[in-house]
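Take a look at this single chain in structure tokens; it is the form predicted on its own.
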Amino acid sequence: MAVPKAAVALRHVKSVMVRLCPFQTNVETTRIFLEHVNSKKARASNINCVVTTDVRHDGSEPVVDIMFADGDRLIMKGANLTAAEMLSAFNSRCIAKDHKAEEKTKKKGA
């Protein structure tokens, strides 16, 4: 399944941990998400973001655990989601954090 290149920005992300068993049949979407997050352009948006991959051979379902700089956490189970859904959920959370940061700077300036 081809997923169009989505703009992934890691500005507000502290860490991304991807856990997967590569021998499972439902791991493709999680690997595609990892490919987007681990791209040069995404990594350049926050050089302090730690992206780790935990590869297991235990038959466990793929999980993406994202920790944001403000302490929020987003956990996605890739077995039941498409790559587009995972990227959309991640980007919508990042956009919400961008708006929140903009509001804080406007309040400080006022």
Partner chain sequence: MHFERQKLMALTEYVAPNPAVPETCITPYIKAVKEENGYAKLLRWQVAETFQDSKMIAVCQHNFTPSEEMLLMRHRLRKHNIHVKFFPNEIVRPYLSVSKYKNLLPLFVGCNLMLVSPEIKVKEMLQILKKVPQINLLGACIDNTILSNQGVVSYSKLPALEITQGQVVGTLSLTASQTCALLQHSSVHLTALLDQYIKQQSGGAGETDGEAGEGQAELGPAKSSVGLDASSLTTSCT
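Computed from a predicted structure; not experimentally measured. Positions refer to the first chain, counted from 1.
FYI, the form predicted together with its partner chain isn't displayed, but the following is about it.
This chain appears without its partner; in the predicted bound form, the one residue of Thr53, Asn46, Thr82, Ser60 with a heavy atom within 4.5 Å of its partner chain is Thr53. At a distance threshold of 4.5 angstroms between non-hydrogen atoms, Arg73 is out of contact with its partner chain in the predicted bound form. Contact check for Glu35: a heavy atom falls within 4.5 Å of its partner chain in the predicted bound form. Although the partner is absent here, Glu28 lies within 4.5 Å of its partner chain in the predicted bound form, judged by heavy atoms.
For the stretch 39-53, the set of residues having any non-hydrogen atom within 4.5 angstroms of its partner chain in the predicted bound form comprises Ser39, Lys40, Thr53, in sequence order.
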